[in-house]
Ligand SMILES: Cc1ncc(COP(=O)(O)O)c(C=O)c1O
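Taking the form predicted alone, here's one chain by itself in structure tokens.
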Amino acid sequence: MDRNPPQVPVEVIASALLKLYGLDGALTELDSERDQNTRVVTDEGSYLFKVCNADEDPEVIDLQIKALRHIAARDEHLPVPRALPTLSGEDTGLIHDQEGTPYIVRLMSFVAGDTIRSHPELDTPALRRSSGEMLARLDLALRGFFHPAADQEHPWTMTQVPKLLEYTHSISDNVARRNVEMIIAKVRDEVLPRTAHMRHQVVHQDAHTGNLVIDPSRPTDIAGIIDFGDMVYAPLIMDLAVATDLTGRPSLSPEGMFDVAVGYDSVLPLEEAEVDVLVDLILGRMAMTATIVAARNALWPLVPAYHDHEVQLWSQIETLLASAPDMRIGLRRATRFPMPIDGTLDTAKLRADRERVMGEKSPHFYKETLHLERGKGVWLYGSNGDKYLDFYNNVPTVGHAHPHVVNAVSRQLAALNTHTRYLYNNSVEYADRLTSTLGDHLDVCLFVNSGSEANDVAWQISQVVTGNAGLLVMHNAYHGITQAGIDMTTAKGLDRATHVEEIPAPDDYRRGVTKAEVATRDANAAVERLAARGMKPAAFIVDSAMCSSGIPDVPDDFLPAVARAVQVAGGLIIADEVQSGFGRLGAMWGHELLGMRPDIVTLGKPVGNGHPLGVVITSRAILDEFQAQVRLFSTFGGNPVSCAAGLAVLDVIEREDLVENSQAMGRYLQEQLWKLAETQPLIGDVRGRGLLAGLELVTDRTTKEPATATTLKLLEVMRENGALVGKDGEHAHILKLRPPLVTTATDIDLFIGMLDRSLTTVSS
């Protein structure tokens, strides 16, 4: 608590400067908390001469000198003081005051300018962002540096905050004292234990407005950082906490501290755990200041106050303490971290805001809105901390937030993101690698942004290459949201387009196994209906899993038979692998599993594990013929970030043997579902392949009446029991299960238990 700065006479300082450094110039004493600082101006330049506190450990002084030299080597343009040697090449010198007390002295270059604290009118958002950027540069320059003396119990180190509780009695205001004690207790009990697991390094730990230098002629830039006397080895985030401290910023609202954090994050990205504790650390720093100031004023009332705005500081602490929950959310928004899952978000307000800005009819899956903020593997997490086993979303095919995909996307986004009219490596690498997983005739790619776009482009290709205008689809099909996709979609009760004809889907549960000759007959009949309207088929498009058709068990010879009939009539075959590809059915591609040789394959959704990416794959001959007549280009299709996501998905599928896992776990899932059907009469049929399963729910196993209303109710009950599933089929009574390919037997067991309880609930 006792600052006890040296008071060496100016004539002694002048003599030492000449003797040790050969400097003779104008001397100006500067303010300092613990040392005695003098500015020296000579014809050659400006310097800072420091007489170190007599109680300062020489090793700590050595720490500061070594750190400044490390910084100079790492970032030579960083505007911080440079440690200068004596005439004899020593790091420091020694002088004595009039009483014979020895003091270590050292010389540094002088960082010219005024402090932010002396120009509060210039403390703008731009300047605060600049201060965050400069501090981040400093922390990067200090990375890798260590000195034994850095591991010290410095009085201003945030880790020492708990020790200040014994001094809080000096705070005269009762409300302020209670606030400070509450903050210190929280830092001690909750915050410091969390920071123990965060990034640590040597930090400046004193980059407040009194140590950030500006040039008033360039008011948006930080001109330098000074005063390295508080350096310690500590959690990295504590450096930012000091810089975002509201002390010394009397007119700044708490939200103003976001600017400093944003600037810092733009240079040295913050980690989520660090952002989560930043507000509490800022409060801890302010509580530390309030306590030390009050204690010093009480212990040494005759010494000029270190901080003469105590009442203002107490008010700032109270304001920030009251707004802390909102500030934590605000910091996340400012640094673009996802929202927390701690129950602090208002779901009802969010839904109202969504309807206001996205329309009142913006759809929801559940009656009670499901508010999600996180995903990991097979789990989704609600904003209130509830978790849900995800057996519905086929988009994150290798699991939510798979770290390899996340890293690939992040790294590529930090390097380049543009379109395919430029040459870059990973689009070519991805196209080559993707086509190598398909038949030899499928050897070229067109990149778009979604499965809908892929199907639209495939339809354009089919019309151009064949010269025909008709389209064949499966009954109750779904193929996207573009106009072409809507025309292909017969699952929503829309009037069928005049150029579209349906082929009945197989249904062995209700009609028995569809033989090849029946498939051929149905396909030929559809071709004839087109012919009656003066059209030939340009294409037959099929979702190999036939999800919208109820996930039927497709006989092995069904699709080959349909394909032959279409090809004889002059049409191309389009395999829509959006839902069935990448191992979903226990084989890499659904069309290969079902024996069909398509002319075009379309991909979407899972191809980038949720990152927008769609692909059209065909033969070089077909693509060349199309491109000779049509100029087609997608600005964002196949951009480097999307291709990085696609490559990472292929990496994970291969490295984690996910096709094999889909096959094995698919068998296990089917076994467990059939066992469940023995005790749950709502289950009329179980079907599917790999990690795609359909349960046909019926009100009566004899009549096979679709249990449409019960299925809708079951989805709600499953959600309440912690599992997410979907529905499909013409009567919306097929329970659709599409867990990520990383699903394990343990996950399946857990899901079966949830499904069992839910079926019992809706049956009672």
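Predicted, not measured: the structure shown is a model, and the values here were computed from it. Residue numbers here begin at 1 and follow the sequence given.
There is another form of the same protein, the form predicted in complex with the named molecule; it is not shown, and what comes next is about it.
Stretch 452-460 is the answer when you ask which of 258-266, 372-380, 452-460, 582-590 has residues with heavy atoms within 4.5 Å of the named molecule in the predicted complex.
Taking a 4.5 Å heavy atom cutoff to the named molecule in the predicted complex, the contact residue among G480, G637, G608, G571 is G480. This chain is displayed alone, yet in the predicted complex one of A290, L669, V578, C643 has a heavy atom within 4.5 Å of the named molecule; that residue is V578. Shown alone here, D543 lies within 4.5 Å of the named molecule in the predicted complex, counting heavy atoms only.
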